[in-house]
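First comes one chain, alone, set out as structure tokens in the form predicted alone.
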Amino acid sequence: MKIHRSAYLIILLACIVLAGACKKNRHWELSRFVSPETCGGCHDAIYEQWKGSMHNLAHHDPLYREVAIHDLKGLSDPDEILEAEHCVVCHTPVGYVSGLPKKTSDHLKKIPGLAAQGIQCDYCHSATKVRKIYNAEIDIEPGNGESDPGTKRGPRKDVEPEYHTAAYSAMHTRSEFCGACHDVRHVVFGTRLETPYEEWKEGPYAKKGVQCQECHMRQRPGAPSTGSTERPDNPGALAAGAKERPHVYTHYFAGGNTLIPSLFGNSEQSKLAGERLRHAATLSVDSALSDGMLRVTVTNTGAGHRIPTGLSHVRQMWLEITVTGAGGRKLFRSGALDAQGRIMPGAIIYHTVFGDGTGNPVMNVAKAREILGDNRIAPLASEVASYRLPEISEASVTVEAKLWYRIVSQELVDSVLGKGKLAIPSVLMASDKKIVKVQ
């Protein structure tokens, strides 16, 4: 039987497309991955840093799990359901590529122990290529399990491990590798849901060649390693008994989350996140009121991306302002928390607002078809917050400004878990207090 040339081309094209799809969604048996505990047998210091980090806890994070399942409820639009079921690709990557969980709703099932260990050693160090810098579009080549771990890739050219082979990977030293998971787009609508890599790429740190790893993988206790601090080398050995090196990348992967590590008993990780937040921004109150306006300048001095970043429609960075007169009499207040831990109306909050495509705000990212607002602060940029004060008869007043941060709004947690179930801590990032002249 003869096949017409055009039909042959169609068949060939279909095979190429299917081959690409199979590669993209390639299945790996869970038995081919090496457990983090096995890696820790040699890389003990690195393992201890990673253990209890947000990478380790990505699957077990109760806020992520509860909000993700909550967001699935009530969805009927297939496009929205597809997005809501996609969270596991980044949060449980080894489980996803080995078939369980296949989707977010699989959290209700029992996940094998190795799969549930979040973003782990063998996933990152088996990575060979970043296909797209979002939605975990990463190619991996794991070995054949504990007895034949295969080749592990990293930033060193001069290592000769005994347990596995090693290969140098420039990719592991670059921000694109981080961005592959930390930048997230809606799988159907294309809405940019999380953009720390894009924010870095457009900013001054990228132009200077400062990669994500040069801040987030240099931090250790006492060394916040932000843009506003020194980022010192971390002397040490890659593995027990190996030679000492001038610098070994740390694996705490600290960001701004002080809550979740503490829920799992890791106070050190919480302290690291607090240190990072306290070296991310500065605050300055103007020395005089002009025409009844108070102005406060917030500057992103320490982050290579916008602040806040990540899933920034639930993150909250806000200003609390208190103006007092003679005898401590309060003349004005904004941004205080009420008895339920909620920010009182009228406060200036730095965040992103998603919309449903018709101009209505939405909290469920599965419904996010547009970005209605984004007032976050870019790297090394400043924003001036202005407040109209009531008429003041005094010659001067005392102004205290505080910049606060928390990973999620108390309202959202209350709506998902129930009121009083979990109090979300606030971290004081920066403050300023001045006697201000009234003009």
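Residue numbers run from 1 along the displayed sequence. Everything quoted here is computed from the prediction, not taken from an experiment.
Missing here is the form predicted together with ligand HEC; even so, the following discussion is about that form.
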**Message:** Contact check in the model of the complex: I46, A68 and G227 versus ligand HEC, with a cutoff of 4.5 Å between any heavy atoms. Do all three pass?
**Reply:** yes
**Message:** Based on heavy atom distances of 4.5 Å or less, which listed stretch (330-338, 347-355, 177-185, 288-296) is in contact with ligand HEC in the model of the complex?
**Reply:** 177-185
**Message:** Give me the residue from S105, S284, N135, S98 that has a heavy atom within 4.5 Å of ligand HEC in the model of the complex.
**Reply:** N135
**Prompt:** Pick from V323, A115, I343, I307: which has a non-hydrogen atom within 4.5 Å of ligand HEC in the model of the complex?
**Reply:** I307
**Asked** Does ligand HEC get within 4.5 angstroms of any non-hydrogen atom of L311 in the model of the complex?
**Response** yes
**Request:** Using a 4.5 Å heavy atom cut-off, state whether D414 contacts ligand HEC in the model of the complex.
**Result:** no
**Asked** Is there a heavy atom of K129 lying 4.5 Å or less from a heavy atom of ligand HEC in the model of the complex?
**Response** no
**Request:** May I ask you to check whether G203 falls inside a 4.5 Å heavy atom distance of ligand HEC in the model of the complex?
**Result:** no
**Contact set, 67-95 vs ligand HEC in the model of the complex - heavy atom within 4.5 angstroms** = V67, A68, D71, E83, A84, H86, C87, C90, H91, P93
